[in-house]
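Coming up is one lone chain in structure tokens, specifically the form predicted alone.
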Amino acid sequence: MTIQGFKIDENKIDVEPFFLPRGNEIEIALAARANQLPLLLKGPTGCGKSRFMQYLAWRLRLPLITVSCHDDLSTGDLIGRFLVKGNEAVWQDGPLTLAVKAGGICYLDEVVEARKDTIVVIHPLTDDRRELPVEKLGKIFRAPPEFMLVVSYNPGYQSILKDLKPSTRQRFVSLTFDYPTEEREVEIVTGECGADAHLSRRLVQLAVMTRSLKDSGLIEGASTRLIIQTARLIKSGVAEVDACRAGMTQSLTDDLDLLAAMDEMIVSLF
């Protein structure tokens, strides 16, 4: 189901999502949930934050509502608004209100992208009150014990203008995600898409090499997500070199010099 452009998994996830822990992130998240504490996930693009949330929702047997935050995200987008249907105004809950009512998980992805005045609305849900005021309805919804609020962002893109205020950040239990070790990343790629270990290893080596170009002007190297999609292209019959370009390096930059450097990396491995 989608509502106002937001993805809503109404049904609990029945099949365990593939997730390979890198540390004690599961233990900490479960402890935060048991103590009704909100969770903050920090880490680069495609390193497994969203997959972790799918796993956590499966583990807790809770519905997951994901909101991809952006510059135009308003308080009404999160909480809800009146819509005109026929000759009357009908209230439609936003994703945050739906999650509170359903006792599910609300996951605000890339939360720093949202307008600062919008983020303030989550404050009453992140302290002992655990309540959501909806001024337009004149109501206050109290979150049930099952409800959990999780936000994430990529510190690599943060700036003075786009960062969480201390008054917001210090309300959360924080987990830092990063790309796994090469051996663990090979395991993840192999387990996720069924690629053979030799192919997975070379793709991981290529991704690691691209990450070394951050000091040469590349904003961010290849993510685990890009490695997996490249492996899937190869498994579908695309030539290895073409798959590496289309599935990985071309998605990283339009800079011709950087692309040429990454082409040399591809040729050296494939």
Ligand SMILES: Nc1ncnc2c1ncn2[C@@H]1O[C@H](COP(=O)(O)OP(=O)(O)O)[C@@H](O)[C@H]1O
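Numbers for residues come from their place in the sequence shown, where the first is 1. These figures come from a predicted structure and were not determined experimentally.
Below, we refer to the form predicted together with the ligand, which is not included among the displayed structures.
Checklist entry - Of 39-47, 207-215, 58-66, 241-249, which is the one stretch near the ligand in the predicted bound form, taking non-hydrogen atoms within 4.5 angstroms as near? => result Selected stretch: 39-47.
Checklist entry - Heavy atoms within 4.5 Å of the ligand in the predicted bound form: does residue 231 have any? => result Contact check for residue 231: no, nothing within 4.5 Å of the ligand in the predicted bound form.
Checklist entry - So in the predicted bound form, does residue 77 come within 4.5 Å of the ligand, heavy atom to heavy atom? => result Although the ligand is absent here, residue 77 would stay clear of it in the predicted bound form, with no heavy atoms inside 4.5 Å.
Item to check | 4.5 Å heavy atom contact, residue 175 and the ligand in the predicted bound form | outcome: Judged by the heavy-atom cut-off of 4.5 Å, residue 175 is well away from the ligand in the predicted bound form.
Checklist entry - Using 4.5 Å between non-hydrogen atoms, is residue 188 touching the ligand in the predicted bound form? => result Result yes; residue 188 sits at the interface with the ligand in the predicted bound form.
Checklist entry - Considering only 217-237, what residues come within 4.5 Å of the ligand in the predicted bound form, judged by heavy atoms? => result Residues within 4.5 Å: 224, 225, 228.
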